[in-house]
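Next up, structure tokens for two forms of one chain, structure 1 and then structure 2.
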Structure 1
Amino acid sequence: MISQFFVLSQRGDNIVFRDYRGEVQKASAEIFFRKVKFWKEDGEEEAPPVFNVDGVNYFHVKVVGLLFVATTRVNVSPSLVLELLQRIARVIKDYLGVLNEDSLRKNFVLVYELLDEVIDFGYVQTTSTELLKSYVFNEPLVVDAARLQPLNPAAIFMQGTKRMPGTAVTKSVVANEPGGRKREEIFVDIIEKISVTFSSSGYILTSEIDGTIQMKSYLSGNPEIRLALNEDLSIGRGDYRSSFGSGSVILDDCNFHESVRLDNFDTDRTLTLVPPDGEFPVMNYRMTQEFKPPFRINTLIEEAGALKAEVILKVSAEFPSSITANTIIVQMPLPKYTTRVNFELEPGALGQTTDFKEANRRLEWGLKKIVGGSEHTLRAKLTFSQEFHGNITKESGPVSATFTIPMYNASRLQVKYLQIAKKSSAYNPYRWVRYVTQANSYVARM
């Protein structure tokens, strides 16, 4: 059970607060924010998702810049509470359409009504958007999504031609379109978070993909859906029937949502389900078989005098030129004696930023976009406060990168078709299938 639930803004403003048991002091939100804001324990600069202060356990997750927090004095499973916080955020987004500070403030009555149904006296009742429809009666006040800053990877699909309509990820599952009609459409997202560790010579030491197939349905009447995956999909290490590069997709393991039926999955790799309302994961999967990483990172650091050194960073995009990666950030810890860094970008470089974080001696290189097949280089000249006697390479790195690549997935898992049971010959809802790859832990050793 939990004692309190609250949502804080990035400034520490209390947007939503619900005390279920009266066991924890009312000032817990302020205590929590101060602790997180000035966290310096164990050499870490960021607070862990779970910590204890004066006998109170604090659990928190950050969702689109908002802090979702739960407190309790009893010994509960941390993974249970963290999952609950994620699900509460998802349910609120399903009902409001847009999850941000403005939408929470405008819809606080609806949010409190949802919280009263999700949690009763600290105990979880349900986090199902579909079941909550029977008990929640307030209508959401829709926030104009056109004025919002993109806050999540899905927002990148709202740009360009032949993409999904702008309201796709900012719709409420209970609000109708202007005019009272509901637009019939369904969205399927294949989201992959990849972890890769490169050796100093560029070889892959570890590689893993954590993927999920997310679905969000706006279909009235909940018709049956058939979703087909790659026919050459293999699951489990004992099912390795081919080697890397031969085209087959090999997953280590996977699990499915409770609504998914697997009657034909073994024969033709199709999933049958009746989708519940709201966003939910159809399938989670993991892959550790070697795959082609989207980026290669090469680093060279060498002394250039008694108090100077030079760093050369090169990023190579190894995906097709028809694909563009967004928001790439490369970071590299520098020797602790570094006092100044002068950057030199390649001629004609656009949309690139550089920075030297003096507080933690870290080099940061940002690239707004990278087109597949391209290479980008950064040179940085370091100045030290004292003569360097140790191994400069050992005192630097490793280099890490974060990025988002739309319409690309490293595992090659695909949705071959999305079939919806027809109510009539004229029934033809919109179908949107999207892919996105993100870096989970992308590290190059020096």
Structure 2
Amino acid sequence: MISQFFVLSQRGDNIVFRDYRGEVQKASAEIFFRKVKFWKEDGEEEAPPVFNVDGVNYFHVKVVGLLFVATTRVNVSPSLVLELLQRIARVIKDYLGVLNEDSLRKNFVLVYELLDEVIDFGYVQTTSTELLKSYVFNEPLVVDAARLQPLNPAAIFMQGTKRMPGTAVTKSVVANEPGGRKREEIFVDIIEKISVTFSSSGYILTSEIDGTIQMKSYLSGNPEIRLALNEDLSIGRGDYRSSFGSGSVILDDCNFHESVRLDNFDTDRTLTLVPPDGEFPVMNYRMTQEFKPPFRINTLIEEAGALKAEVILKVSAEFPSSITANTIIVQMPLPKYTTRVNFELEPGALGQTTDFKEANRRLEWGLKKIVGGSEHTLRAKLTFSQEFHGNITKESGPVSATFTIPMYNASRLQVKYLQIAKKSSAYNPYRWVRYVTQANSYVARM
């Protein structure tokens, strides 16, 4: 049970403030913001998501640069409150299409109306956009999405590939299209975040995939949907990992949205559901089965005299040439006494940027895209302010990379088909099944 809910901008301005129980002082938003901004406790400089000041417990999550905060005086379930804060953000985004300070301010009456239905006397009532539609009457005023920074996760489809209707994912679930009728369409996104740690010799130390099948339905009349996954999918790995190589996809664990029925899941790996309105995860899964990492990163450091060294970074894309990764950023911390870096890109390099961030002595190499099967190299000549002692390799690195690879998924989990119960033979809504892989923690040690 929470006492207050509020949304603060990055500057600490109150955008939304709702007091449900009147047990916590009104100044709580200010107290909270000051505490978070000047956090310094136990040697940590970032406030944890839950803390207590003078008997008031503050919870917060960061969503697109906004702080979603709840307060309470009692010993509640913190995961409930944090999950709730995320869900409130999602509901508001469903309604407004775009979630940011501007859209919140433009729609504050609607937001308050939503908040009153989502929470009563501090108790969560529902966070289902579908259910809320029957109780909420204000209409959203959609802000112009075109000039806005795209938001994750759906926004990742907006880059590159043209055939994806970029605006669809930022449109409100409830607002009507300017043209009148809504377009019948459904989006199923298989989003995988991969974490890989390579040892200095290139051997994989840990690897993990966190995946989500995300759905956003704009279908009228809520028809039933069947989603078929790989037939050879198995769940739960034994105590030994012998099954690798058999070709099957083995998930460590997975969970499902409450609307999903699993009657046939054990026999033919199909999920049945009536998708509620709004964006929601159909299924989350986790996999530590070995998989082929999309990129290999090689680093070589050569000393070149007492005050100089050369770093050679090589990135090889080990996925099919029909696929292109985009917005790749490779970063590498350099020794503290590095004063200057001269970069040398490969001849004919296009869409690549290099930078030496002096403040934290970090090299940054950006590549707009990398086509599968290709290899790219960067040479960086370092100049030091003092003679290095010991080992330069140990004082630099590890190399980390972030990237997005559309239409690629490392786990090989697939949506074999997406069936929509037909209302009539003419009914043929748009179906978008999209895959994307993103780097979570992709690190090569040195």
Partner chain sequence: MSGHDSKYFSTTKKGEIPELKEELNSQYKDKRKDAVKKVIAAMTVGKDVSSLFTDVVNCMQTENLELKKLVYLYLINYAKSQPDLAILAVNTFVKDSQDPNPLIRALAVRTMGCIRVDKITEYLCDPLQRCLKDDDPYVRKTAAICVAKLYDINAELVEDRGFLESLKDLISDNNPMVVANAVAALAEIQDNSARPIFEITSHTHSKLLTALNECTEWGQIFILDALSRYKPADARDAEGIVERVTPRLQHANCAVVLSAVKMILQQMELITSTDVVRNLCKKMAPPLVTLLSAEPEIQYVALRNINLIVQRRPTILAHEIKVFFCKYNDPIYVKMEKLEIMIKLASDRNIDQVLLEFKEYATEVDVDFVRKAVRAIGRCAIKLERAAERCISVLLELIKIKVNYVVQEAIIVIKDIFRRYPNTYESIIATLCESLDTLDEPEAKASMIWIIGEYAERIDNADELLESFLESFPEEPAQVQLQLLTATVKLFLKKPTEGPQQMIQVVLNNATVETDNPDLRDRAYIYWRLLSTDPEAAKDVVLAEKPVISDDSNQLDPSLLDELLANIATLSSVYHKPPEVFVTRVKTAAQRPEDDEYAEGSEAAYSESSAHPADSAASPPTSSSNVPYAGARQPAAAPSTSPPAAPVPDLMGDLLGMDNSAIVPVDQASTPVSPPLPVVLPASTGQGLQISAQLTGRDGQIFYSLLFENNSQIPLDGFMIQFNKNSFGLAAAGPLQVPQLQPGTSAAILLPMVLFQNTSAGPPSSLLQVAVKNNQQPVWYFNDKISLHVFFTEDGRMERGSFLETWRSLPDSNEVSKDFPDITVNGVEATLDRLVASNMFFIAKRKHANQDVFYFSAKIPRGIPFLIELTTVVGTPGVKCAIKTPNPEMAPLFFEAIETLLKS
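Worth saying up front: this structure is predicted, and the values here are computed from it rather than measured. If you superpose the two forms and keep the largest set of C-alpha atoms that fall within 1.5 Å, you have the rigid core. Each residue is numbered by where it sits in the sequence of structure 1, with counting from 1.
Participant: With each form of the chain shown alone, which structure should be assigned as the form predicted in complex with the partner chain?
Facilitator: Structure 2 is the one predicted in complex with the partner chain.
Participant: Has the Cα of L378 moved 2 Å or more between the two structures, judged after a core fit?
Facilitator: Comparing forms between the two structures, the L378 CA shifts below 2 Å.
Participant: Taking the rigid core as reference, does G122 move its C-alpha 2 Å or further between the two structures?
Facilitator: Yes; that C-alpha moves by at least 2 Å between the two structures.
Participant: Please say whether, between the two structures, the C-alpha of E83 moves by 2 Å or more once the core is aligned.
Facilitator: The answer is yes; the displacement is at least 2 Å.
Participant: If the rigid core is lined up, how many Å does the C-alpha atom of D54 shift between the two structures?
Facilitator: Once the two forms are fitted on their core, the shift reads 8.0 Å.
Participant: What is the Cα shift of E113 between the two structures once the core is superposed, in angstrom?
Facilitator: So the C-alpha of E113 has moved 2.8 Å between the two structures.
Participant: Rigid-core fit: what Cα movement does S28 have between the two structures, in Å to one decimal?
Facilitator: For S28, the alpha-carbon shift amounts to 6.8 Å.
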